[in-house]
Ligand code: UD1
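First, one chain by itself in structure tokens, the form predicted alone.
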Amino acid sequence: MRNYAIILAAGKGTRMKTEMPKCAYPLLRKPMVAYIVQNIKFADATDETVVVVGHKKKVIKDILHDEVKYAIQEKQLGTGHAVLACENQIDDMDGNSIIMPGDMPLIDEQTIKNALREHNERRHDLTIVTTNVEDPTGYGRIIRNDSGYLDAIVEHHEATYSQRMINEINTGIYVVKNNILFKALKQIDNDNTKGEYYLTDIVTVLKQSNYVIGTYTLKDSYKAMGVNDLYALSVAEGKLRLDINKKHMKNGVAMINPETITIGHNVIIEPNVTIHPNTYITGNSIIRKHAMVGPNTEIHNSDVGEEVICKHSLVYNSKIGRKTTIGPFAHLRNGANIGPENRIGNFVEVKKSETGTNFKASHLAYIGDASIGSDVNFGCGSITVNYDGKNKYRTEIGDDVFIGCNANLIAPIKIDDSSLIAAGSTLNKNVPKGSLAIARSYQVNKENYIMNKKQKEKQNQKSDT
């Protein structure tokens, strides 16, 4: 018996008032629908995930690629119509499907596990995940009979005044047996104010056939919040940030003023790390033990080594070796691979370059498309000139090289071991091992130039009068 997850991600999300499909909108730099797919995977309770796409389906497919199967809802005619589009993707009718909205990024793996377990242990044909909220506006209400069992689900705009006073709502998450799901969907109609096929209408269909319908109540109601506009997105992001930070702090990560710190869903932080205020760490980043990150630092998809200090800096798609100091105001990007015990200082940018041990670029430098050895000093104001307007070229610098201030290394160029580049030089030829390279004009001092100039100006002023 195979279990499936069905994610509804075909809607336009008009209340977001953006061109991006709602389910693709990012929280902490990660699309909402990606959270759901990942948490389904972590729950390890289903065999296959089917995502229903429609409006701008290519955007969703570009996010999830081949992690899931896809069902196409060409016209958005309601949630029931969307699930029906999955019929050809469900191969095992003896299994179950958990159906989830694609705009509910806070539903975690434990909730998914609990809902499926409740469904199986109680031997339900249909299980509806409910929760209680202070303000149920906009949600379908759970209507129970005198015995406390589910009687119906009434959408907000279809509900009477007394029904709108009910605080127990339908989260939009269902677990249902496949062999009854699609039969029931073919029996519902669109006789409602919106002219849509509601998935909730299968409750009435299944009750009439005496199927067992139950509920699973989610205690943490915030996990079931749907994101329908940009304000709700900010609320969901705040809840997610709090949960993530709490988990890391309980695992031994020190956070100074954690309300200002943003850590992404996939970030790994080892114990004994300190994170300072106004720091963002997102993507598939790893922060290793005894590192100190921040304040005012942004790290994305990067590996930060043990005992690294990184402050007031940007680090994107890069790696930093142990005991290296980054910043303030440094920028690492596009595959920068910084070796151990380095110093990348004030206003230094490193792009697509690797360095050895004990490399120092303390201030005001650009290093792009370069391979640099160990024990190298890169002087203030020096740059690798890697771009000729059409193509990028590489610079190779060996070990034990000293590059003076304000040097230009015009790539492609190779600076061999134990060389010295004189300050102010512009090099366009390779430098052999152990050489001193000087490429600058000779200095000319014109003595008494300023004094003579002033005297000449005075004489001209007298002659004019």
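All residue numbers are counted from 1 along the displayed sequence. Bear in mind the structure is a predicted one, so any value in this text is a computation, not a measurement.
If you look for the form predicted in complex with the ligand, you will not find it shown, but the lines that follow are about it.
Proximity to the ligand in the predicted complex, taken as a non-hydrogen atom within 4.5 angstroms, holds for one residue of Thr171, Ser318, Ser353, Ser285, which is Thr171. Among the residues Asn342, Ser97, Thr79, Thr127, the one placing a heavy atom within 4.5 Å of the ligand in the predicted complex is Thr79. Taking non-hydrogen atoms only, Lys207 never approaches the ligand to within 4.5 angstroms in the predicted complex. Taking the partner from elsewhere, Asn266 is found to have every heavy atom lying beyond 4.5 Å of the ligand in the predicted complex. None of the heavy atoms of Phe359 is located within 4.5 Å of the ligand in the predicted complex.
By the criterion of a heavy atom within 4.5 Å, Tyr198 is counted among the residues contacting the ligand in the predicted complex. With the partner left out here, the ligand still marks one of 289-297, 79-87, 114-122, 375-383 in the predicted complex; by a 4.5 Å heavy atom cut-off that stretch is 79-87. Along 224-249, a non-hydrogen atom within 4.5 Å of the ligand in the predicted complex is carried by Gly226, Asn228, in order along the sequence.
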